[in-house]
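Below you'll find only one chain, the form predicted alone, shown as structure tokens.
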């Protein structure tokens, strides 16, 4: 039966944990999996620019023995130059998997509905599940466990926040989103995560005080205040979000051994200061590297015959 990865919630807790074990093994011994997806091709559809997603999927499929095919907006332009249905039905006959990085979440959902091959969500305006998988792999590496941990996400209740809530719900990590009023996570996303959290006992909550949110946190996480497509709002958002900047003073409210995370790219001096992102407790580059290993494991799980 075909399986896609459009949301962290598409994987059960056991499947996520198995993915992490696989990723750790791939990280330790790259050559062991050098023929795992030999001869398989992954199409990479990019409607949004990328550094980490492009590099990690491109390098990742090649390290597994497969090939990548980069398709830019000029070649695809989903739903405009050609319908999502037609693109899906064409590609399913030529490649063995598709990664899509786009705007509307409905695009990846429809693509998965139409295509008979695995579809991976490389990012939409609604969610960023591959990022969350890399994030929680990084947390596992640095904390050695999930049970009882608290992650506080500080900033806009965006796609990254949604996927962090999903991952916390599946893995029993308490997730607090600290955001200005009016910038809370999508209500449906919050409800989905809250429902999923019942199985693990994780607490998913939203607060409007960064100090309250960060208090006792094992992990402090932030993201840019204006995501792709919101550039026109950047100046206004900067005024609203400045009290939510992650700086050394805010980090004092977290646990003494807390780590700092950011999905990158970072706007230094806005959502995070240099003294935090460059601090010894910052794991942002471990996190970035783990995009490669986490996504290799996902590709293996979905595409391995």
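Numbering follows the first chain given and starts at 1. Nothing here was measured: the structure is a model prediction, and the numbers come from that model.
Just so you know, the form predicted in complex with ligand NVA exists too; it's not on screen, but the next bit is about it.
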Inset, instruction - Assess the spot marked by 123, 160 and 227: is ligand NVA within 4.5 Å of a heavy atom from every one of these residues in the predicted bound form? - result: yes
Legend entry - Residue (of 272, 263, 42, 64) lying close to ligand NVA in the predicted bound form, criterion heavy atoms within 4.5 Å: 263
Legend entry - 4.5 Å heavy atom contact, residue 170 and ligand NVA in the predicted bound form: no
Inset, instruction - Tell me, yes or no, whether residue 223 is in contact with ligand NVA in the predicted bound form, where a contact means a heavy atom of each within 4.5 Å. - result: yes
Inset, instruction - Among 85-93, 207-215, 176-184, 151-159, mark the stretch whose residues have heavy atoms within 4.5 Å of ligand NVA in the predicted bound form. - result: 151-159
Legend entry - Stretch 126-144: residues contacting ligand NVA in the predicted bound form, 4.5 Å heavy atom cut-off: 128
